[in-house]
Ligand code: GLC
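Next comes just one chain, in structure tokens: the form predicted on its own.
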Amino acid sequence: MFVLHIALQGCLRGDDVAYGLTADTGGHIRYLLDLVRACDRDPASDRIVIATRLFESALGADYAVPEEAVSDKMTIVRLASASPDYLPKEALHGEVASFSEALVAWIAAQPMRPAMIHAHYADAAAVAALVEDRLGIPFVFTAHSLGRVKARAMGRPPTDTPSLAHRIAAEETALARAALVIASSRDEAEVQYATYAAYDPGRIRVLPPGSDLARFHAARTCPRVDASIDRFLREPGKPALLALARPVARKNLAALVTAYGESPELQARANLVLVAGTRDDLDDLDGGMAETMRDLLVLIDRHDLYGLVAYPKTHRPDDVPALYAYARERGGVFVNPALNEPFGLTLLEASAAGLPLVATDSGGPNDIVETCGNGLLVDPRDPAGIARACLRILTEPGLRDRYVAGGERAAAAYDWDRHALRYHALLRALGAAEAPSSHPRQLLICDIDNTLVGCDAGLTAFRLWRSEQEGLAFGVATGRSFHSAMAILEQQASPRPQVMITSVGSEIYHLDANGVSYTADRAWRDTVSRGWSREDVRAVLGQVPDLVPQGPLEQRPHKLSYFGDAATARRVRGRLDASGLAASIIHSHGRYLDVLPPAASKGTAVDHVRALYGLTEGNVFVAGDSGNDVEMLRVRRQAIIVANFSDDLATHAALGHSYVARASHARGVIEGVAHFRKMPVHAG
């Protein structure tokens, strides 16, 4: 497979990237290079090319070299565009037309065309769309960061900044045109993109980036790096609050300095270390970085933090592990206070090096902290909250050790080689689409967690069994969101479902003809919207004692999710009834409580899909394991309970007709389908 990447921003070269050299030479370049190196290691990859701008600049001669061979399979190609100079991202839209012409000419000169183009950032997507118009090569899109998110974080309307308005328009076009959009986190897929008119959740995949964490896990201190920090500090042996980010407004380092400056207790317990890019002179910094750096120095002066805050002028890329080790050896904390962090590679690196985290609750850190259990999330606009979180880790017995242990899971959870395997599988599927059956003879709907997945051997058997089932449409029904469900299915290499019933039956998605993306079922959305007063329900439930909301990402337009025991569930039912509000309540695993529109459930969603396919009741199988499957199992004649069930499912009064499998997980599903197929089929 030949994949062409387009990346127009920053100072890009194959090795020794000068991160922080300009405002646009940052994490997206690190992401891109790590991605293509992982793809280079995958035998599925035949050729990889990164197309970027060629420019003359005092920033370095490397950026005027037309072609740079990075490996036997990977090359960076630099193409001239209208301007010969280095340009910040705000000015790149003026280069789209000329760069596109140069790229089309370059492709035409190649012995083989790329199978797929991958565009990084909106202007690259604009180029990819022009190339697709000319040559018919489809493209996938990674935004890295979004203009609407930046505008919201900065508290100004996009129309105030013409370049930002242009960027947002380009992002809208990218979302509308891309064959697939690759996001780094659920927050990006479900919250950030949702602010765009072209938002289509079924064409977005969450593929968490990996990170080369081995060198951070083995991080050791370096006397030279230690000295570059210690020279600022009166008591260099104190714990260090370490922040590592370019000095741009979005990284919100000022809030961290304010948090530290307004907390005498934090100052007494720890030093603050700000590694904010690389500079010889403030006036040489690109874009707004000089202004941001001056703002930090003003805050340090205002709070009289001299001797308490270190802000070294320079560091090399290979110094980064030693920076983490510096903070670790002093019992410190890594802090990321960004207004929004699309993913957060530095969080993984710091965790691998043995540091607990305090991180923004806006963006990818939600997924990282949920997956690894390695720190605390904070509102980046609340300096006092940032200070409290840092103090908790520094003072609460055992908390630091727990978060450090959680960080050990980062290497397994975020691995570039696994990312490359999923990435190439998606690209291959786009290139060889298998359209779903429009007239299946039977339908099987499975719960995901602890039914379809949970046993590797069982899922392996299911994959083989599924491949032999002609005329059977396969789908899933889950409490997870679409993106959360799709992520675990692809991570486990599950057969691709033809239908996805998600968020406890409140949303339905159907597989598209390309065999990869999905389309939301608008008719079902209209059905569940009737009689649903979400804000009224949320306001009433806010008054129920001991009812704790789940995280923001678990709240959906047609689902409100909480933690609560059975008694709390009864109080919720009583409060809603007393308020005259119609809702369906699903309680499972003794602690999860979902409140849905009255028409929404896994059971009603399965029946909607059955009717779409024109199937009789006798040709539908459903399988589950827990309380949130009861509604689906109760109303289906051919209901399967796998052997590893919970919530006393096998003795539930309404499920006496169900088949309780002897086998667990996916093997139990196979067993149950075989059982019902042996029975006489009755019309219905």
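These numbers were taken from a predicted model, which means no experiment stands behind them. All residue numbers refer to positions in the sequence shown, first residue = 1.
Heads up, the form predicted together with ligand GLC isn't pictured, but that's what we're talking about next.
Asker: Can all three of Arg480, Asp594 and Asn628 be found with a heavy atom no more than 4.5 Å from ligand GLC in the model of the complex?
Answerer: Verified in the model of the complex; spot residues all in contact, yes.
Asker: Ligand GLC isn't shown here, but in the model of the complex, which of 396 to 404, 527 to 535, 548 to 556, 142 to 150 has heavy atoms within 4.5 Å of it?
Answerer: This holds for exactly one stretch, 548 to 556.
Asker: Using a 4.5 Å heavy atom cut-off, which residue among Thr221, Thr258, Gln491, Ser588 comes into contact with ligand GLC in the model of the complex?
Answerer: Selected residue: Ser588.
Asker: Taking ligand GLC in the model of the complex as the reference, which of Val358, Val504, Ala605, Leu355 has a non-hydrogen atom within 4.5 Å?
Answerer: Only one option qualifies, and that one is Val504.
Asker: Flag Ser163 as yes or no: does it have a non-hydrogen atom within 4.5 angstroms of any non-hydrogen atom of ligand GLC in the model of the complex?
Answerer: No.
Asker: Does any heavy atom of Ser561 come within 4.5 Å of a heavy atom of ligand GLC in the model of the complex?
Answerer: Yes.
Asker: Select from 400 to 425 the residues with a non-hydrogen atom within 4.5 Å of ligand GLC in the model of the complex and write them out in sequence order.
Answerer: Read in sequence order, no residue approaches ligand GLC (within 4.5 Å, in the model of the complex).
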